Structures are given as C-alpha cells and as structure tokens.
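Read the single chain below, which is given as structure tokens and is the form predicted alone.
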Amino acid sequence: MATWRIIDHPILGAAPADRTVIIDFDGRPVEAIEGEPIAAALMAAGVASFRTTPVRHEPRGVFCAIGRCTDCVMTVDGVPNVRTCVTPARDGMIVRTQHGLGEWSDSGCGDSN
C-alpha cells in the first residue's frame, strides 16, 4: 500500500523514531509522526489543499516539497506563511488553511480572512 509519509526528506533528513503526535488541522485532530513535515502528515490524512490564492481563491497544495515554491504555506500556531513541507510536526501544533496572504493571530488559531 502506498504511503504519503516522507521517511528521508532532502531538507529535514531522516525521520526520527516513530512517536505519534496530534496536530490540530482546521479544528480536527490529525496524527503525525513527530519531526515529519507538517505537509506529509496532512497528505497522509488525505488533505490536498493547504491554502487559497489571494486573488482567485484557488486551492493550492504541495508542489516542490523542498521549501522553495510556497504553495504549501499555511498558518501555524498563529503565524502565516509557514512552509509546511519543511516545518517539522510537533505535538499540539495548530495548523490552519491559509486564505490569501494570511493574518497573524494572537490566539494561535490562524487567519480569519
């Protein structure tokens, strides 16, 4: 069976020991392996759209997967424009779909536009 897990990432290196953590994606729990890219955890959970474009509101997801293209940016712990393909997952992260350019959030709950 195919898996979306990234075992050896070109930027982050080899995946650490399998410790399962929970991240909050748009209000729902998603299992991740601690240290794997957030994008990999979301793709393994069936998530393909990570943000919408500012003008046409079209969905975008992972494209390059090495932190160069910004198609995977999301709001993470209240910080917009986080490249989720090179950001390691850790327990309790709050990850939100980013709409447009995103907004900073004091509550850590993501953008609202």
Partner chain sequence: MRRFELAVVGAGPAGLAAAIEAGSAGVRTVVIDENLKPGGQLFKQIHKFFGSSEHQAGTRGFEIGRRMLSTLSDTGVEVWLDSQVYGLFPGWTLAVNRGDRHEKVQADRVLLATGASENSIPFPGWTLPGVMGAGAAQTMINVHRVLPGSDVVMVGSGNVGLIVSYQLLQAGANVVAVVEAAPKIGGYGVHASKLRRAGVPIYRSHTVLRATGPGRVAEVTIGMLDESWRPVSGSERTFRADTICLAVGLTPLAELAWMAGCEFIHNSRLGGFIPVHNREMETTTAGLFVAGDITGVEEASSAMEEGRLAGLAAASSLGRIGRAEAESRMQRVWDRLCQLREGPFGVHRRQAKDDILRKFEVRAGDCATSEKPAAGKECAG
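A quick note: this is a predicted structure, and the numbers were derived from the prediction, not measured. Positions refer to the first chain, counted from 1.
The same protein also has a form predicted in complex with the partner chain, omitted here; what follows describes it.
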Give a yes or no for Val55: in the predicted bound form, does one of its heavy atoms lie within 4.5 Å of a heavy atom belonging to the partner chain?
-> no
Taking heavy atoms only, is Ala32 within 4.5 angstroms of the partner chain in the predicted bound form?
-> no
Evaluate Pro88 for contact with the partner chain in the predicted bound form, applying a 4.5 angstroms cut-off between non-hydrogen atoms, and reply yes or no.
-> yes
Can any non-hydrogen atom of His99 be found within 4.5 angstroms of the partner chain in the predicted bound form?
-> no
So which residues in 48-75, when you check the partner chain in the predicted bound form, have a heavy atom no farther than 4.5 Å from it?
-> Ala48, Ser49, Glu58, Pro59, Arg60, Gly61, Val62, Phe63, Cys64, Ala65, Ile66, Arg68
